[in-house]
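The chain that follows stands alone, in the form predicted on its own, written as structure tokens.
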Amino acid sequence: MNDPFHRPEKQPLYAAVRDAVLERIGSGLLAPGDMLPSEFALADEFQVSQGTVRKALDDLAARNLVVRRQGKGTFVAAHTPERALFHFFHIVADDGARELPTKSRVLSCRRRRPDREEAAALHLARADRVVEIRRIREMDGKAAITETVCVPAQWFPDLDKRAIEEVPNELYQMYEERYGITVHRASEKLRAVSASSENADQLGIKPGSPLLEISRVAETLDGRPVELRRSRCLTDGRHYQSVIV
């Protein structure tokens, strides 16, 4: 049988099918929300068994890249507030209840040159430009997070020209729907910091109060860094939760 994948030696066949589907998602050929061809159609196209296709799709589903819907088919995963809650936001109440910031207030949205940390994290030259969003996010009706978000201006060409009121609370959904950029994974660094005078004014606390700082780099399917997000969070009654499997 001819190998339609030109896969590396010893790569399992299901992995080659998975990577071929993944390439279509990453290239935009399959967009968020699109339904994939049936297992039978994919098996016929790739000249493999339906069991091999099923294993490949199960792997993609385990990575939250596709969604299997009983009786309907398999769909490319799309960002929703609920998905952001369970996959990208890890601040939870001390009783374990999960909550997503319900509201955000954008302070500014502007284009500027990146600082050293931003240039390194986003693989930019110092002469490049980023779009910076500064905002305050609320939880349980109170200011809880002060946040600075930086994205490469070349991938978000008109973001800084839009009215502040147009910047939604859930940014990843906007990245996907407006700019065709899907955030697949993120890495985070945490440290304890003291609230600056600005932080104190924004969060209604005393300067020097303890805050949790989360620095996150978000990446696309092909590993391209598209966002550096620096959040300073109040943790009274809340904590950061990471599940290791």
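For clarity, every value in this text was computed on a predicted model and none was experimentally measured. The term rigid core refers to the maximal set of C-alpha atoms that superpose within 1.5 Å between the two forms. Don't overthink the numbering: it's just position in the shown sequence, from 1.
Below, we refer to the form predicted in complex with a further copy of the same chain, which is not included among the displayed structures.
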Testing 45-53, 27-35, 199-207, 185-193 against a further copy of the same chain in the predicted complex with a 4.5 Å heavy atom criterion leaves exactly one stretch, namely 185-193
Q. So, in the predicted complex, is F88 in contact with a further copy of the same chain at a 4.5 angstroms heavy atom limit?
A. yes
Does D94 reach a further copy of the same chain in the predicted complex if we count a contact as any heavy atom within 4.5 Å? yes
**Contact label in the predicted complex: T220 to a further copy of the same chain, heavy atom within 4.5 Å** = no
Answer for L211 alone: is it within 4.5 Å of a further copy of the same chain in the predicted complex, judged on heavy atom distances? yes
Looking in the predicted complex, the residues of 222-244 with a heavy atom no more than 4.5 Å from a further copy of the same chain, listed in order, are T235, R238, H239, Y240, Q241, S242, V243, I244
Does superposing the core leave A93 with a CA shift of 2 Å or more between this form and the one not shown? yes
